[in-house]
Each structure stands twice: as C-alpha cells, then as structure tokens.
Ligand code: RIB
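Listed next as structure tokens is one chain, alone, in the form predicted alone.
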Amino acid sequence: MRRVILDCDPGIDDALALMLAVSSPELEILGITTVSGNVPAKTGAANARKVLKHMERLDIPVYIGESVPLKVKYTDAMDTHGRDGLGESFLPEVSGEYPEKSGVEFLEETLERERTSIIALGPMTNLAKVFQKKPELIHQVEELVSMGGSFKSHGNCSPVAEYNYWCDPHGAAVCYDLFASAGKKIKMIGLDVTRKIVLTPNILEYILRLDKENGEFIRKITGFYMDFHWEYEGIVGCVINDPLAVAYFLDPSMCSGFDSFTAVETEGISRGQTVVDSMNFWRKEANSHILTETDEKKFMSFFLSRILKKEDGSRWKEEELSLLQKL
C-alpha cells in the first residue's frame, strides 16, 4: 500500500476523486486536508465528511487547512459547484469534532515522521505554507501529483489560467520554485488532459443502472455541474478534473507527457498561468512532469470499476464495463 495525503477543496469533482481514492485498496489514506478553493476550507471539510460517510470511510481524518491564499484575495468557485460546493444537493451534515491540528500542521508533522505522497486537488496554499517554513520536507515527499495548470489548453477561469493555480498563484509558484531548488518534480495533471474526462448523461444513466446507490449520489451532486458546463462551455455533461489525478497516481499509464521546467505567473492578466519551458529556452533542470495525453475511455472504465458495486457487494471489473466503449 502507498501512504498518501489528499489535499483538496471539495468541490464536486473532488468528491468524485475522494470516492475513487477510498475505493482503491492500494492506498493508505493518512488523512484529508482541505484548503479554500472551490469552497472555503471549512465547507470543504464538511463536504469531505459527507463523501466519507456515503463511502462508509469516516475512519479517515479530515483536517481543516488554510482559509485564504498566500497574497491575493480569496475568490471561491461556488458559481460552478453550488452554494454548498456539492451541486446544491444540501446533503445532511456529518456530526463530530474535527482534529485540533490544522491541515498545515498535519502535513508538516506527517512529513517529518515518514515519507509520504501527496495528491493535491486544490490550490497549493497548504503545501506552500509547509515548504516555505521547512523546504527540507520536500525530500520527504515520495510523489506529488497536482491537478492544476495548463500547457496548451486554454484556461477555465481566464484565457490562460486553470482555477486552482489562479486562486492562489503565489502558493503554486512557491511549490514549483522550491521543488526546482530541491531537484524534484511535481507531476502536473492540467487541463490538457482533464478536459478530456467528461461525465456524460449517458454514462451517468449507465452508472444508475449498475449501482443505484452510488448512481443516485453522483446524480445529486453533478446535476448543477452539468447545467453549468452546458450554459458556459456548451458541453453535454461535465468535466471531472480531479479523479484523473487520483487515477494517474494509481496507474501512471493512464497519462503520458514530458519533463520540463515550469514557472507560475503571479500577477496581471496572466495570473495563474503555467509557463512550461517545453523547448528548454531557460536551460533549467526540470521541476515538473507535464501530462499531455490520456485515454478517456480507459480512465472511465477504471473509475467505474473502482466505485461501482454489484448487488452482492463485489466490484465491477474493467472488462465487464465494455458497454462504455459505445457511450
């Protein structure tokens, strides 16, 4: 099993990513840390617990992280994810106290104790706080997969920027700069690959037929998201970015790309843009692995085989989901 911390801002697609992660026996999830992004960090923590309750995994602790970006004013994405962050499903709150440690404290103490991987599904504020204070802890990160940024695809909150990095550009810039200094690479799952992962109405209906319980949960939280994508992007369905980052962590053959030095712009109209030096103009050692290609049908088969249950409680197998090739 691989020890991992999920740093996220749930968020509809974060919720789907959490469903995938907790359904994957290869992962030992040490904890979930939340950060203000799609929704404020406290709301994200409550949403993470709602997902964990649905998946019967409330044994996983949830730590509330940073409430504001390093320098810029916080701008949520509730226009995209709904007032509650879960598509205005308004699922019941899960009772219970949160750990006294903050998300940053948990990350720092865990990395001081053991080598751990991190899947970052939101703005990188928590990670920047940890690594600014103790840059040596970067060497304790076995692997960092970040859903964020874009190489050649257009942005989703500006002409050039992906939301997570736009929300806290200084946090992302700190992480990429410090990983460069440490001689390590961030694996960037950006819009070039995540835009290909679309949950369509046909696939959702397929999910409902195979697993009514999980299907109804997914339908509740994605309806608002589908409406948003149709109104603003003309997409039938919704782009589910974050589950691809988890899938890639579990199976690196899910995506392919190249090593490069990457910098994050923090100011002006290019705020949050990832400047990928694919032609090696700067002659700097790579601090990132940029994913540019993915097989969306392979992903969807993998994703559903992990989260969907048969009536006897067993999981569907990828080869049993062959109908997906026609959807």
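Note that the structure is a prediction, hence the values are computed from the model and not measured. Position 1 is the first residue in the sequence shown; the rest follow in order.
If you look for the form predicted together with this ligand, you will not find it shown, but the lines that follow are about it.
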{"query": "Contact of L107 with this ligand in the model of the complex (heavy atom, 4.5 Å)", "finding": "no"}
{"query": "Residue contact check: A128 to this ligand in the model of the complex, 4.5 Å heavy atom", "finding": "no"}
{"query": "4.5 Å heavy atom contact, N156 and this ligand in the model of the complex", "finding": "yes"}
{"query": "Contact test in the model of the complex: L244 vs this ligand, heavy atoms, 4.5 Å", "finding": "no"}
{"query": "The single option of M147, I118, I186, C255 touching this ligand in the model of the complex, heavy atom within 4.5 Å", "finding": "M147"}
{"query": "Proximity to this ligand in the model of the complex, single hit among F179, Y206, Y163, F228 (heavy atom within 4.5 Å)", "finding": "Y163"}
{"query": "Stretch in contact, per heavy atom within 4.5 angstroms of this ligand in the model of the complex, of 170-178, 130-138, 68-76, 236-244", "finding": "236-244"}
{"query": "Contacts with this ligand in the model of the complex - residues in 2-30 whose heavy atoms fall within 4.5 Å", "finding": "D9, D13, D14"}
